[in-house]
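The data below hold one chain only, encoded as structure tokens and taken in the form predicted alone.
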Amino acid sequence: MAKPSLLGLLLVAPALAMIGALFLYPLGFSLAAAFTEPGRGLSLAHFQKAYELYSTDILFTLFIVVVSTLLTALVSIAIAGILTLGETPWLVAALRALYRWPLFIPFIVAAQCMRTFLAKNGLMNNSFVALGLMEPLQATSLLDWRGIIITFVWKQVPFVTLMLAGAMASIDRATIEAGRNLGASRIRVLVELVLPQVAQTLLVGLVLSFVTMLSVLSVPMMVAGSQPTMLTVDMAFRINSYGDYATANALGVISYAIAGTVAWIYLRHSVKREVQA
């Protein structure tokens, strides 16, 4: 009995070593550095400093990520609904061919694309001026909090849509056809019949997107580059400009807490759903 157990341990040892070296050790180091002060032991001084300097950025980060997550959900539901319930073949085919493209673009490339697209003299405004939809003097830059949200939504919608469309495709078509035969519109079928059956998949995609957007550095740094900004930029600034790892680690722990809260809400919802089932 011992040999199979030892063999199994050897098989998972590389994975455990990677988790320990790349996640558990940095996490432990960050927690220790954030909650201790040289020569004084346990201390909350670093958190006090982080709050005094970056309390506005903490709220700004929450605003950006929450709004981006909600917009990602709405757009993903709309696209997945068209792919599943659409009755216009060319529209379904076009969406199916196009919506995945941003999935394969790194965040730093997406940020650079948005810098040229959303600038005052960028592609979007120049296109509107060429089409006569606005005057050149009416052009404004969206390279601020709006640009960050647009970039996050554009980047994360394909990921959530891919999961959601797959879940919708697995639903029994008889349920959808029954609703349509009883006179329900496609929007009503989507909201009342389809979405409740794929809600768990949608929640998983949104939680993963929330955590991903919370950890991105390139987008807020390249697209906005002004105050207020997101916590990832603040952490990089504390380290690169001052070598202040302690305050950066405190900001990192705050990010851990935000991500952990979202994960806890998801797990609680999942457990409650399993108990009710």
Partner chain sequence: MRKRLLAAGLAAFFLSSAASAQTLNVATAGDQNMVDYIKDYLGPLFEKSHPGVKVVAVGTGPGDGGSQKIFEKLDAQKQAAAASDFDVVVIHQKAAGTMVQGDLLKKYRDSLPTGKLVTRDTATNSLGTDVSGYVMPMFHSQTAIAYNPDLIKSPPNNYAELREWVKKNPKQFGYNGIKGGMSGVAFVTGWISAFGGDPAKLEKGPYDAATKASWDKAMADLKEFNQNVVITPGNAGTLDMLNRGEIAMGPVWVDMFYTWKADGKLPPNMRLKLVSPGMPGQPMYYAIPSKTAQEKLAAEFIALATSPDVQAEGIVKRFNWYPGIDAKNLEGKLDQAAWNQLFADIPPDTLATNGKAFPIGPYFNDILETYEKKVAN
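Bear in mind the structure is a predicted one, so any value in this text is a computation, not a measurement. Positions refer to the first chain, counted from 1.
Just so it is clear, the following notes concern the form predicted in complex with its partner chain, a form of the same protein that is not shown.
Looking at 39 to 47, 206 to 214, 23 to 31, 225 to 233, which one sits within 4.5 Å of its partner chain in the predicted complex if you count heavy atoms only? Stretch with heavy atoms near the partner: 225 to 233.
4.5 Å heavy atom contact, residue 35 to its partner chain in the predicted complex: Residue 35: no contact with its partner chain in the predicted complex.
is_contact(residue 120, its partner chain) in the predicted complex, heavy atom dist at most 4.5 Å: Close contact exists here: in the predicted complex, residue 120 approaches its partner chain to within 4.5 Å, heavy atoms only.
Does any heavy atom of residue 60 come within 4.5 Å of a heavy atom of its partner chain in the predicted complex? Because no heavy atom of residue 60 falls inside 4.5 Å of its partner chain in the predicted complex, the answer is no.
Though only this chain appears here, would residue 79 touch its partner chain in the predicted complex if you measure heavy atom gaps against 4.5 Å? Residue 79 lies outside the contact set for its partner chain.
Taking 143, 239 and 242 as the candidate spot, are all three within 4.5 angstroms of its partner chain in the predicted complex by heavy atoms? Per the other structure, all of 143, 239 and 242 touch its partner chain.
Using a 4.5 Å heavy atom cutoff, which residues in 32 to 58 contact its partner chain in the predicted complex? It's fine if the answer is none. Residues within 4.5 Å: 49, 51, 52, 53, 54, 55, 56, 57.
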